[in-house]
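Given next, in structure tokens, is a single chain: the form predicted alone.
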Amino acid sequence: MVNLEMSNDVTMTLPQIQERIPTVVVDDAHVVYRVHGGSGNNLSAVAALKRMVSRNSAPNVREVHAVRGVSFTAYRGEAIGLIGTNGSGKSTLLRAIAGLLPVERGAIYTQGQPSLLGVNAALLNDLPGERNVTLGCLAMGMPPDEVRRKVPEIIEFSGINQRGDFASLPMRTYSSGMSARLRFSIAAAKQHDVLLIDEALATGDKAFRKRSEQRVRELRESAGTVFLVSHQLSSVRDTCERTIWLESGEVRMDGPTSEVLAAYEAFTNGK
């Protein structure tokens, strides 16, 4: 049996390494936003077309380097917290992993299609909540028979009917918290290779947060990988065994959740 020394001083055997199946590999990823402007006015379509035809560069283009050389590997069965102060690049990184933003340099490799909460389970304001649940489940690839079984469970899990039959009302009558809870409930009803959650566990009452955190643990234990972006460190502490701390688009720390949160809290308390 061959032993391999890992960079974090943890010795692992070759079979143990083979059992750790990578689901997301982020290799020196850079994400750059380009903000176009001109004399404080919105860029007109005619002016933009002229520049495209003439291949002239647009004036007053400001670049925002949101993610700077981020590298890490996520494995099947992990729940990973992403923390950092506002503007640190957490949500941008999730969108890049989901394939919604291109990387300027580097690369991101994923196992299967990552599901970003609120995108795969899009909600239509003019349709009732129940109908949105059905469409969301079908969009995630569930067969119709399974959808019919899941719809009542999803509505009950979301808690939107606690104060009336909101499932039969159009989504435009929902509060932002109700909509977020329903989005989470739809997305979490399916097993995912990679599930990306951005702040969804911060919505709802204490009972819903506990149900949500338990569901994240179930998804992780069923061989999926979960990324959780949250400013509520208690949710990260309760659901994630590993945490990545981003600051100014760079990885400040990556390790066991207890150690990373302790360093982050010391950093934020000292600011």
Partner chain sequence: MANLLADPDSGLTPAQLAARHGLRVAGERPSFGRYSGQLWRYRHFISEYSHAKLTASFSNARLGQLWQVLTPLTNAAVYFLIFGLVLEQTRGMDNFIAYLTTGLFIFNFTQTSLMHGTQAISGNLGLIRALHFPRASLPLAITATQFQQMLGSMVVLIGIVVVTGEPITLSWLMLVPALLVQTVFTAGLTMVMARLGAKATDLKQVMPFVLRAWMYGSGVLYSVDLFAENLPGWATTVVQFNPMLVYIELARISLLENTHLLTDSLLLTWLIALGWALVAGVGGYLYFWRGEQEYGRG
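Small disclaimer: the values here were computed from a predicted structure and weren't measured. Numbering follows the first chain given and starts at 1.
Just so it is clear, the following notes concern the form predicted together with the partner chain, a form of the same protein that is not shown.
**Student:** So, a 4.5 angstroms cut-off on heavy atom distances: do all three of Thr73, Gln111 and Arg172 pass it with respect to the partner chain in the predicted bound form?
**Tutor:** Yes, each of Thr73, Gln111 and Arg172 comes within 4.5 Å of the partner chain in the predicted bound form.
**Student:** Which listed residue (Ala189, Leu123, Met178, Ile155) meets the criterion of a heavy atom within 4.5 Å of the partner chain in the predicted bound form?
**Tutor:** Of Ala189, Leu123, Met178, Ile155, the residue with a heavy atom within 4.5 Å of the partner chain in the predicted bound form is Leu123.
**Student:** Just one of 212-220, 226-234, 25-33, 240-248 has heavy atoms within 4.5 Å of the partner chain in the predicted bound form; which?
**Tutor:** Going through the listed ranges, the match is 25-33.
**Student:** Although the partner chain is absent from this view, report whether Ala167 comes within 4.5 Å of it in the predicted bound form, heavy atoms only.
**Tutor:** Close contact is absent here: in the predicted bound form, Ala167 is far from the partner chain, nothing within 4.5 Å, heavy atoms only.
**Student:** Can you work out whether Ile21 and the partner chain are in contact in the predicted bound form, taking contact to mean some heavy atom pair no more than 4.5 Å apart?
**Tutor:** So Ile21 counts as contacting the partner chain.
**Student:** How about Thr134: is it within 4.5 Å of the partner chain in the predicted bound form, going by heavy atoms?
**Tutor:** Thr134 belongs to the contact set for the partner chain.
**Student:** Any of the heavy atoms of Ile97 lying within 4.5 Å of the partner chain in the predicted bound form?
**Tutor:** Ile97: contacts the partner chain in the predicted bound form.
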